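Okay, so here's just one chain, in structure tokens, the form predicted on its own.
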């Protein structure tokens, strides 16, 4: 079968489809931003996108380079202060879905965006938490989108920046966190959801042409598969067209930085 789309495009489109028209979504920069704006430009025109810098109901024509990108403020319904954004909107329970990525993830969907290696002497110092720890605990649910590689999907993350399901089971609730936490992880190979009881990530859907073996060899723990594993519907011509046009506009605006 000739694939006329890339694994990254499949991941972004699968992530976009997970969003609903009535969602209020707290958007991370990068892959989450592409997915959320694709949803807005296709099946979810009324979705409310919120970025950490305080921009509410923003409708960027190009993808932002950072939360400080002027495109977000210029196309927003309103821009509020960062303390108001977090205290009133996020911690006030007004955001249905948070969209995050990370450098490392474990089987319970805990995320690391802080360091690779020991904290005192890291091999790599990452951008840090920013608002992600609060997004992870205060949004109604969390979607995570990441490229599926063994160095990212690890048995034990080097630092817990954002709480997923902790040590599994009801560990999240034991910390006094009442929101659902990560309900979907969307990669360039598959879609995973936490097991209802153990909260361990389980493959529920494989992208077209992806084998179980490929997922197993790309994961740093013994990955589990659901009893019935679906095949993710391939991208439609319309989804690809809208995504590629968005990325082309972004590249034209930002040049190499994009």
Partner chain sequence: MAAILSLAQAVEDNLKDGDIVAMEGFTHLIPFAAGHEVIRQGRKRLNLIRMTPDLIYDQMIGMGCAEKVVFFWGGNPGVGSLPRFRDAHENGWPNKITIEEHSHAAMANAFDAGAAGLPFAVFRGYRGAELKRVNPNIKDITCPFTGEKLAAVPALKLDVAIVHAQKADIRGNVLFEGIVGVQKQAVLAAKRSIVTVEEIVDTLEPHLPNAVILPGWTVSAVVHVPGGAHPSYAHGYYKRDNAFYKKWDAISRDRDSFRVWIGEHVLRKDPDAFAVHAKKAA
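Positions refer to the first chain, counted from 1. Fair warning: this is a prediction, and the values are worked out from it, not measured in the lab.
From this point on, the text means the form predicted together with the partner chain, which you will not see here.
Stretch 158-166 is the contacting one of 144-152, 101-109, 158-166, 180-188, since its residues have non-hydrogen atoms within 4.5 Å of the partner chain in the predicted complex. Residue contact with the partner chain in the predicted complex: residue 203 places no heavy atom within 4.5 Å of it.
When the partner chain is considered in the predicted complex, residue 208 lies well away from it, no heavy atom lying within 4.5 Å. The partner chain is not drawn, but in the predicted complex it has a heavy atom within 4.5 Å of residue 137. Taking the partner from the other structure, the partner chain in the predicted complex has no heavy atom within 4.5 Å of any heavy atom of residue 96.
The partner is not shown here, but in the predicted complex the stretch 166-189 reaches within 4.5 angstroms of the partner chain through a heavy atom at 175, 176, 177.
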